[in-house]
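Have a look below at one chain only, the form predicted on its own, in structure tokens format.
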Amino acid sequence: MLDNQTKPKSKGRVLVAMSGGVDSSVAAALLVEQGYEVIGATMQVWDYSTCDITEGNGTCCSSIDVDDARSVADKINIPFYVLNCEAKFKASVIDPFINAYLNGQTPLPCVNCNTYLKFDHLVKKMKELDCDYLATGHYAQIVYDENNHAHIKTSTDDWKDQTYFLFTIDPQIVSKLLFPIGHLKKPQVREIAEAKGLVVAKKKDSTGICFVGNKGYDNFIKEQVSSKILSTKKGQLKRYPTGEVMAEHEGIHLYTIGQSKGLGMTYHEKLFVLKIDADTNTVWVGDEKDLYSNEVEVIEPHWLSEVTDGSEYEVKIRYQHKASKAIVEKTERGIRLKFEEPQRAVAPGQAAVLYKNQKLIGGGWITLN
């Protein structure tokens, strides 16, 4: 049984990750109100002079976002630091993002950002500053079981819940995490920001991939990768299951599972990308019915709680996916998920994340069968 009230938090020093958005700003303000000693920190992760997104409108940690975070820190009277993380962000988030597309996968950069920056780099900074806790503006909750073990639970706001991105967190640090807005819904968060006079109260949410901007991921990759390398990714569009060549394509990085628009070909029926073969640069297209899978292979699993072979869990195969029931079978490389109902457009490179009674159990990376 999980109970939010089992173990009240003692007050202490908290490092708050402040992105310059309304969620993390309210998180910091609430902690001050609750009597914690709060220190704010913003990670400078990307040079937005290379990005055509309008700063402060759907970005994260740009120069305007840093200024907004500093303004909030001044308003609530807390110390504030800016941490330059551009090199680590490039190595841990951007480079894997590009490589995934070049290998026919659909990447999930937010997980890497959480894994290697927010809950790694900031945890180290938390310890350096002699803080007791690390807090973020994630829509998630920390709860305690009857043995006083800390667990991550889904947010009250089902639509904004972000636990899907947190499955790689080290279980050892869960008790050191605070998610101050996890029990709130987004409109409530904005109301609190308004009431406290925070400059970010009406600021737009960050959307899409923060470092890509309005140019689209295909143009972003084109800017980051040499034309010589991209030319090696050209190949053919083939009809499943006949193998009929439908057209030539300009690179497998331009396609993702389930895509139906911009295929670079015309056909009398609507076709969908079913599979991307990086070995031959073949993009397989076919009918929508062939997008559905009953089983999913998952590798490199990371567990926050013990997983029982043969047991049923709720599983999300993408962020906005409504969790579906699946039986877990352990394999040499990870697990196999057998779903109660067929799942649409299962994409290698995305994560399969497991839950039990709203508790985050863990997850792993979807791969081809």
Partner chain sequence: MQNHENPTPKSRVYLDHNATTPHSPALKAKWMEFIEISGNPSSIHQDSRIPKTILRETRQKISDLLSCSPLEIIFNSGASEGNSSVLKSAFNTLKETRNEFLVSQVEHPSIIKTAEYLISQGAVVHFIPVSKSGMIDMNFIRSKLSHKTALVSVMYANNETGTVFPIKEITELAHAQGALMHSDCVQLLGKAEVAFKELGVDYATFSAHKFYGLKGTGFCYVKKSTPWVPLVHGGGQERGRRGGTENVLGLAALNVVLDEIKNCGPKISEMKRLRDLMESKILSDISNVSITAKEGQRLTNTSSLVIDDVDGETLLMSLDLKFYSVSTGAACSSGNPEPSPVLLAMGLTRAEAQSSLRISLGWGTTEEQVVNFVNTLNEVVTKLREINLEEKKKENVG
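Just so you know, these numbers come straight off a predicted model, no measurement behind them. Residue numbers count along the first chain shown, from 1.
Although not depicted, the form predicted together with the partner chain is the subject of the following passage.
(request) Quick one: find which of 291 to 299, 131 to 139, 110 to 118, 267 to 275 has residues within 4.5 Å of the partner chain in the model of the complex by heavy atom distance. (result) Answer to the contact question: 131 to 139.
Spell out, yes or no, whether the shortest heavy atom distance between P79 and the partner chain in the model of the complex is within 4.5 Å.
Flag for P79 set to yes.
Please determine whether I39 contacts the partner chain in the model of the complex, using a 4.5 Å cut-off between heavy atoms. Yes, contact at 4.5 Å.
Can K160 be called a contact residue for the partner chain in the model of the complex at 4.5 Å between heavy atoms?
-> Contact with the partner chain, no.
Answer with yes or no whether L83 is in contact with the partner chain in the model of the complex, where contact means some heavy atom within 4.5 Å. Yes.
Go through K196, K222, K125, R190 and name the one with a heavy atom inside 4.5 Å of the partner chain in the model of the complex. Going through each option in turn, the one that passes is K125.
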